[in-house]
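The chain that follows stands alone, in the form predicted on its own, written as structure tokens.
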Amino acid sequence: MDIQTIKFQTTDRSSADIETGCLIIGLFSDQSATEQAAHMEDARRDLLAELDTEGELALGAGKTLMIHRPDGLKARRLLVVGLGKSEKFDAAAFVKAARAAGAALRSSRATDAVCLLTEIRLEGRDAAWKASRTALALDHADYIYSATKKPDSNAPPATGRVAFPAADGVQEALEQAACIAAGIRRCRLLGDLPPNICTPAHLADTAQKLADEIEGLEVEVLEDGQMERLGMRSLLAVAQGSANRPRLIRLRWRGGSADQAPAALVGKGVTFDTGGISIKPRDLMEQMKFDMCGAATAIGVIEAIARLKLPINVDTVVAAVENMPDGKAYRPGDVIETMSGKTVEVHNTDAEGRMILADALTWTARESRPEVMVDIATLTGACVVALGHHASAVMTHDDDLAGELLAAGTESVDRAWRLPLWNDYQEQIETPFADMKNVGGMAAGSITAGCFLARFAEGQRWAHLDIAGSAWVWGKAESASGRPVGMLTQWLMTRAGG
């Protein structure tokens, strides 16, 4: 399916002279609108002063006001976005305001806009950063799922293009944002697709189509027989109860030198998770289509960096399976030998993500020989209990790698929080019947899952991202978030020197 993003550009024209569907500005709630409008042209200043006097400006954080046919402006609409209190205004508040602007723009009938949010003062952030974050926020709001539900004939149209005031670095930032937006949209679309469409085979087909479309992107797909010969019995055990057969997918981008070891991303791709024999409760089981968002993230990131043509080598590996109960399904009590030779006693077939990642991590380490490896997985409900839906969890023994990922999250406003991966937790997954069991009990469930994965990343510079809370909002009729494509793309851009 084609991915269409907003077209971004710059303009040198005065906002009063621009003929556009919508002009977007931001105002603080604790400052007079007249004072904030002091630098603006007369028409806009007078209009805002009048609205302020009449008490019609709602400037709380994320509040919006759409004014049609504003006097003195050639723009057909003026969108005023509330920024909240200036003392609380930071990067996260900036993105929140930009998202609100995007939502208001998307619900209007404007197909083009000029966005002046880059004129807002934000300490430590230049116009290029503000343009990039705003562009991504506007594009995020512009996404409407339509693969299996066509929009109404009178639905508002998509936004075609948005212009920003020209400034140093802004044009390059907008070009980068467009590439990242494509990766985020890809991630969201894959996550949103129903599980009868987005099967392991569909993920493989998507990877193949991307490789066909983007020059320099290569793909490799392993099927049952190949995985069996390689000894991937842990991955295959999870898949054996499903009629939809598994795939192991590798996308390779070689933008760096031939002797540069790649950075590797390993994504959990459980395209639907019933829990298997340890079946999940009925409520919200339909949202288990999102259990492949780690895979969707990995695919979205490599699409973004391939479109950016980053001078870096990257491998994306996706372990794609469906976890179903069946006469052939693996059982609690089974002992499974992994590709690494280590054995796992299954205590819960719903702890399947770590089972497939065990083999995927082993294969990636052997075949890609990465300099650094990060797995991404909607792994544990415990992570949602710990961090909610605001932060992804980072677990690693490598302090420098943790710092890199957390810094990338801060820069991209796609934030993460580090959880400990101390050896103290390892005893919770000990069992007398195998090298380890696949759950560690209620206490520290996210951490013990990370400890399990760590046993399959020995000798690697490795980190685990649990995105169970950030990939989508549980219990709400919302789409996949596209996170943490932004964070991981920023991490790779920084590694590439960008």
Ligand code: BES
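Here the structure is a predicted model, which is why all the values come from computation and not from measurement. Note that residue numbering follows the sequence shown and begins at 1.
Just so you know, the form predicted in complex with this ligand exists too; it's not on screen, but the next bit is about it.
Only one of 288-296, 217-225, 127-135, 313-321 lies within 4.5 Å of this ligand in the predicted complex by heavy atoms, and it is 288-296. Note on contacts: among C179, L236, V114, A382, the single residue with a heavy atom within 4.5 Å of this ligand in the predicted complex is A382. Though this ligand is absent from this view, in the predicted complex it lies within 4.5 Å of a heavy atom of just one residue from E352, D375, E303, D359, which is E352. The shortest heavy atom separation between K268 and this ligand in the predicted complex is within 4.5 Å.
In the predicted complex, no heavy atom of R418 sits within 4.5 Å of this ligand. Although the partner is absent here, V439 lies within 4.5 Å of this ligand in the predicted complex, judged by heavy atoms. In the predicted complex, none of the heavy atoms of L465 sits within 4.5 Å of a heavy atom of this ligand. Shown here without this ligand, the chain has K268, D273, K280 in 261-284 lying with a heavy atom within 4.5 Å of that partner in the predicted complex.
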